[in-house]
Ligand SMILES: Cc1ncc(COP(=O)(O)O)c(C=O)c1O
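Take a look at this one chain, the form predicted on its own, written out in structure tokens.
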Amino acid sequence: MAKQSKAPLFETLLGHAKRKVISFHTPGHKNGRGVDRRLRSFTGKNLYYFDVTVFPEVDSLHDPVGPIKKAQELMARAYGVEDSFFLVNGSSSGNMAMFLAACKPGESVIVSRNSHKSIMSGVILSGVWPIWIQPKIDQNLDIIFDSSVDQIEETLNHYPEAKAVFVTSPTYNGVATDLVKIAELCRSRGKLLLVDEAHGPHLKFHEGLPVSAVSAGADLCVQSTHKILSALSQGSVLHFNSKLLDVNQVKKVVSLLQTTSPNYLILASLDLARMQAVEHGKVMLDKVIKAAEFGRKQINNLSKYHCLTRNEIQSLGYDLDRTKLTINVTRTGLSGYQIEDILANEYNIQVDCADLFNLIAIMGIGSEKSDVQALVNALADIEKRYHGHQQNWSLQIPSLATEMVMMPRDVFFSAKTKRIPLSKAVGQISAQTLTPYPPGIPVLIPGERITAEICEYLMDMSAKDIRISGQETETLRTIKVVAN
């Protein structure tokens, strides 16, 4: 534990910065002298002494033998895993790395349809067959759940050839599935468990939060250290803890996906975030949870909002990360998008995400009770000042257990595509990914057979002037399909 009080990469960079070494290496701003004055006057000049390139003193992310190696070893020890790899392109690169490291082209992976968009990138790059699980929707809470143990077991029974199971936990709403039982199920079937735990880098450090994937027994797990802990944006970690995979293959894949010019300030912030979480995480998270629970109670005392509670989620067989505030706004008659804009423009408050039904306010170790009080006060004021109309919105998606005809990778790189009217697309093979928001789930991906139900759903979305991510044209009257 004593070594966890060290931050070898940060300390090395700090020592280098204090010497004010004359730079004949990249980047071109040369310790900040070349940075625009407006930026430098706001940030101060010391920041730029940390923006260095690869040389022996500061080590190489692609072949670490010095302070980066030591920092990654301390990260692994902090999370109780065999190896940890620093990522400077966020958890998106980690998700892609998991697919490439775990599977060979042509193998299949079980994955819930409501996974992050980077999962499709991983599917395409790795050349795997995705076996989709239809997400569960709760229309009382207006949220989507990730795969349950029962869903995964049923899918494994139908597709015993699957190489791995991919799970997102916690979700954007902070809802965590039962990773302990899922890990036991995967081990009993000899399957790899890959977990997108981007929103859970803090779970390991407080007993009052859901079980972390690293404790549950995931083979590979990616975490966005920047989302809740104190690393800078893009700072994430891929954890390895597997008897079924070769760690050297994981190293090669991670190196394949990362820049050769990493930002050392991001790397140093990962080093410090780990030290901070180990030494002070319990106390800091106590404070965050207490502030979040205060806010949850205050919001639920208002008449037109409802903030998701842990008891509600646990009664449904899941768990909740209490540092997340999912606030249902449907009783206001306004959409989450509208209230997000009001909060930003009139109250100087920015939430992380909004949809038709909810606001999602993400707490982090830098959050204060005063921040939560400001949000509560603003919501109370909006409740009095704004009066929307009753809406007949409902969170729903069509059946997504569609037929995979071609491998997504083959379609993505194929030039044999054409565009046809959406009304005539039934039975064709999709050549694009279409994702309506809400619910933020792709209703079509490359290689799937287009069903009548999905066509009707997309035409209904288009008639309501709801823009669908990936549509490629101003209106969704046509769709790209595989040409015969």
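From 1 onward, residues are counted along the sequence shown. Remember, it's a predicted structure, so these values are computed and weren't measured experimentally.
The same protein has a further form, the form predicted together with the ligand, not shown here; the description that follows concerns it.
Taking the partner from elsewhere, G90 is found to have a heavy atom lying within 4.5 Å of the ligand in the predicted complex. Contact annotation for F205: none of its heavy atoms lies within 4.5 Å of the ligand in the predicted complex. Interface membership of V109, defined by any non-hydrogen atom within 4.5 Å of the ligand in the predicted complex, is ruled out.
For the chain shown alone, V165 is not a contact residue for the ligand in the predicted complex, no non-hydrogen atom being within 4.5 angstroms.
Contact with the ligand in the predicted complex, judged by any heavy atom within 4.5 Å, is made by just one of S269, N95, S84, T323: N95.
A198 is the sole member of A176, L229, A198, L285 with a non-hydrogen atom within 4.5 Å of the ligand in the predicted complex. Looking at 371 to 379, 315 to 323, 334 to 342, 218 to 226, the stretch with residues near the ligand in the predicted complex, meaning non-hydrogen atoms within 4.5 angstroms, turns out to be 218 to 226. Taking the ligand as positioned in the predicted complex, the only residue of 96 to 116 that brings a heavy atom within 4.5 Å of it is H116.
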